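In the structure tokens that follow, the same protein chain appears in two forms, which are kept apart as structure 1 and structure 2.
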Structure 1
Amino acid sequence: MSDFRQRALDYHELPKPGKISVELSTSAATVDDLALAYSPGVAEPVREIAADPNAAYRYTAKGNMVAVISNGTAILGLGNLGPLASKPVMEGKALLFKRFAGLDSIDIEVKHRTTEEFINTVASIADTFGGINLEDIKAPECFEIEKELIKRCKVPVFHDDQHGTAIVTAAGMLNALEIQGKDIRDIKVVCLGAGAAAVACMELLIKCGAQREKIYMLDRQGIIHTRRKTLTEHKALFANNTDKRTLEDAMDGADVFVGVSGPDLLPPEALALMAPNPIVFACSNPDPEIKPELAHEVRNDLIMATGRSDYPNQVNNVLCFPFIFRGALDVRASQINDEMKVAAVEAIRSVSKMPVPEEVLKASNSESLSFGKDYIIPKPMDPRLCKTIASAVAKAAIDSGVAQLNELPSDYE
């Protein structure tokens, strides 16, 4: 067994199995404490909440609690391995919520037969939480699930693989284009993958100025084009009126490659076909579409990013979901809308241009980091991310009319 594999297994097993636990937030030492916490005292907040559901924010942990919910149908790039196997990833997301944004989070893995059954299950428990983070649910079901749950739930529902990934990709891409001297309105984009992450990433890049007809999206059958039959609704939005059919056809002269598909799917020969000063976001986890070492061997003019922590330029939704929920929950937003997403993109971009604090250099084993080809996006452990993104998101929620609280928390300024 490789050393890293054993270390990863030990990390999850020891000192006790898993990565999260529940801690008490108040005293439960004496008879008097128990009389307040449980019977008879607990009846008082029960009555308050029965009279006014908003009182749950005052008397329970709801307002600082996010559920991470999956059915395990698209676990990272590992595929459909079922709900239970997704648990380490979902516990991991809960760990990241707590570590980076101080949000309490619990993972819930749902076994279901139909999409409707999944939707009903989540809708039935949604009120317990301040927000719902959907994770690793495959396309095309993820689109209907999110749309229906947004309609049915009073708390924000956010499919992280769609929007968290899109926000971080857009932030990193706008920065990378600036460094490579390319205009988003002119770029030819290849997107390998046509699922949850791909569709949302390309839609957000289009909102940022990319042209739909210059995007070539590929699935397992090659380029999605207008003569293909039986395309799903979301793939059809990207059907390109082209004679190109293969990845190599699409890569010829491309400025940007976004990989949200699977491991080692970008051959070096295809990378060699790209235009000068290309941008390659090989975001599949845990193994990217091309290994950075190999990509740098083929091109010395590229900007290279992956979804992993152990290479420069980690384009990963961890840079978004803890902070976007922090901002949304702090003003009790009823949803996470486009205004809040765009605010998050700009906030992430702004942190990447600030001088990097010593503690971040230390945590990332770097001697220096400054905005450039190997630092297009901040490191997740940058303590400025939380305040910068959360406050931008909370302000956008207030300005766009979806916040129930119309003032930022006092510690934001």
Structure 2
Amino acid sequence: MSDFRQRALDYHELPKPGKISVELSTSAATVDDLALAYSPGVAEPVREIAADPNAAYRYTAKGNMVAVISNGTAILGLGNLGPLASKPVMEGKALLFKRFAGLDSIDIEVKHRTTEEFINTVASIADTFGGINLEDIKAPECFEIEKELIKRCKVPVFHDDQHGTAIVTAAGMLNALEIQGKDIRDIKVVCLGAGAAAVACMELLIKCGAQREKIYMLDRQGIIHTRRKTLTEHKALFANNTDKRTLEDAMDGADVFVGVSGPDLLPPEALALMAPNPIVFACSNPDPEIKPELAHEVRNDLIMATGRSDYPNQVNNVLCFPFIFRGALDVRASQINDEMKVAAVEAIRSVSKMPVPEEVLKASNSESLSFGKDYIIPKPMDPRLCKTIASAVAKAAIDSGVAQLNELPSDYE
């Protein structure tokens, strides 16, 4: 057994199993405390909530609670290993919510026979929470699940594998384009992968200005084009009217490569075909579509990002999902809409351009960091992320009319 594998197992087992626990937020030391906490005192907030459901935000933990829910059909890069096997990942998401945004979170793993059963289960428990974070659900079911739950739930529902990846990708991409002197409206984009993350990334880049007809999306059969049959609804959105068929065809003259597929799928020869000053986001985890060392050997003019923490420019969902929920819950948003996602993109971009504090350098084992080719995305440990992103998201929720509270919390100032 490798040393890292044993350390990972020990981390999850010791000093007690798991990564999260429940703690009391109020006194329970005396008989009087217990009379207030449970019977008979608990009857008073029950009556208040029965009369006005919004009172749940006043008298319970609902407003600071996120459910992390999965069916285990697409766990990390491991595939469909089932709900129970996804529990360490879901506990990990709960840990990140608490660590980075102070949000309480509980993981819920759902067994079901049909997509409808999963949707019904989540919809039935949604009112318990301030928000629902969907995780590790395979495509194309994830699209239907999120769409239906957004319709049926009164609290924000967010599939992080889609939108968290897309938001961080878009923020890093816009900064990389700025550094490389390219206009998003003019770029040719190659996207290797056609699952949930790929579709969400490309749709958000389009909302930021990219042209759909200049995007070439590839799945296992090659370029998705208009003469292919039996395309899913979401692949059909990216069917390009082209005679190009292969990755090499698509990469010829491309400005941007986004990989959300698998390890070592971008050959050096294909990278060499890209336009001057290319941008490569090779985000397959744990092994990217092309190793950064090899990519830099082939092209000395590129900006490179991966999903790994041991290389510059890590595309990491933790840069956004805790703070998006923080902002959404703080103004009681009913959903996380496109305006809030774009606000998060711009907020992440802005943090990249700020001087980096010493504490962030120390936490990231860096001697210096400044906006440029090796620093287009902030480090996850940057304490400015929470307030910057949460306030931008909360303001966008208010401005777009999905917030129940129309003032930002005082601590955002």
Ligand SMILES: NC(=O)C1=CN([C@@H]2O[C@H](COP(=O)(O)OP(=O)(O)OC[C@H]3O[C@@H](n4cnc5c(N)ncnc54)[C@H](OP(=O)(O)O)[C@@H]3O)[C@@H](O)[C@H]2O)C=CC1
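Remember, it's a predicted structure, so these values are computed and weren't measured experimentally. Note that the rigid core is defined as the largest set of C-alphas that superpose within 1.5 Å between two forms. Residue 1 is the first residue of structure 1, and the numbers go on in sequence order from there.
Assignment of forms: the chain in structure 1 is the form predicted together with the named molecule, the chain in structure 2 is not. Relative to the superposed rigid core, D310 undergoes a CA displacement of at least 2 Å between structure 1 and structure 2. Relative to the superposed core, D287 undergoes a Cα shift of 2 Å or more between structure 1 and structure 2. Once the rigid core is used as the reference frame, the Cα position of L266 differs between structure 1 and structure 2 by 2 Å or more.
Here the rigid core is superposed, and D301 then shows its C-alpha moved by 2.5 angstrom between structure 1 and structure 2.
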